[in-house]
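What follows is a single chain, given as C-alpha cells, in the form predicted alone.
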Amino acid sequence: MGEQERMVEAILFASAEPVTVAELTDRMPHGADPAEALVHLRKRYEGRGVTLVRVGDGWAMRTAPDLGFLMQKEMTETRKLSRAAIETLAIIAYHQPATRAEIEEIRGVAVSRGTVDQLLELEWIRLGRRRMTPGRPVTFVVTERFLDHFGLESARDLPGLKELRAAGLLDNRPAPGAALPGEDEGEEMAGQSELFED
C-alpha cells in the first residue's frame, strides 16, 4: 500500500486538474487500489501545509485553507467578471440545471450570448442535458473547475442565505411595495423577509 500511495501522490502532484479514481486506476499497475491509497494519503496529509481534497468526482493536492494567505502574492487577477456574468453564474450554481429562459426570468433581463460564452470559456459552466419540454432547451451546470476555484466539494457546499447575509453579500433593500425607511418598521422587515424567502 505504501508504494501505491507514492504512485497516487506522484500523479496528483503532477496534475493541474483534479484526477478521478477511474483515471488513477487506468494509470496504475493492474490490481492496484487507488481508492484505498487515497484514504491513507488523505490521513497522512491532515494538518500539513498541503492537503488532499475531493473536487466533484476527482481528487487534488491543494494548499491548506489556513495558509492561503501565503499565496496571495502569487495570484493575479487577469479579468473581472461583469455584474451580469456574476449574476448568471450564481443563478446557474444555485438553480442548476438552469435554462437560458430560467436565468432570464430570475434576472429579469435578457442574458447576452457574450456573458454565457465568457463563462463557458472560463470553463466554470458547461452545457447540461436538454430539458424534455417543448423546444428541448439546453441547460447549464457548473463544472469541477468552478468547484475547484471556490474550494467546494460539490454545489451543495455553496453558502446558504444565512451565511451570505452574515458576510454582508445580500442587499437589505425592502421588497417592492414594502415600507420605506421611517415608515412602520414591522412592515419593512416583513417586506425584507419576503424578498429572501423564495
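Treat the numbers as computed from the prediction; the structure is a model and nothing was measured. Take the two forms, superpose them, and find the largest set of C-alpha atoms that agree within 1.5 Å; that set is the rigid core. All residue numbers are counted from 1 along the displayed sequence.
The form predicted together with another copy of the chain exists for this protein as well; it is not shown, and the discussion that follows is about that form.
Another copy of the chain is not shown here, but in the predicted complex it comes within 4.5 Å of a heavy atom of Arg62. At a distance threshold of 4.5 angstroms between non-hydrogen atoms, Met132 is out of contact with another copy of the chain in the predicted complex. Taking the partner from elsewhere, Val21 is found to have every heavy atom lying beyond 4.5 Å of another copy of the chain in the predicted complex. In the predicted complex, Gly49 approaches another copy of the chain with a heavy atom inside 4.5 Å.
Note on contacts: among Val141, Met28, Val138, Val39, the single residue with a heavy atom within 4.5 Å of another copy of the chain in the predicted complex is Met28. Superposed on the core, the two forms barely differ at Val141: its CA moves less than 2 Å between this form and the one not shown.
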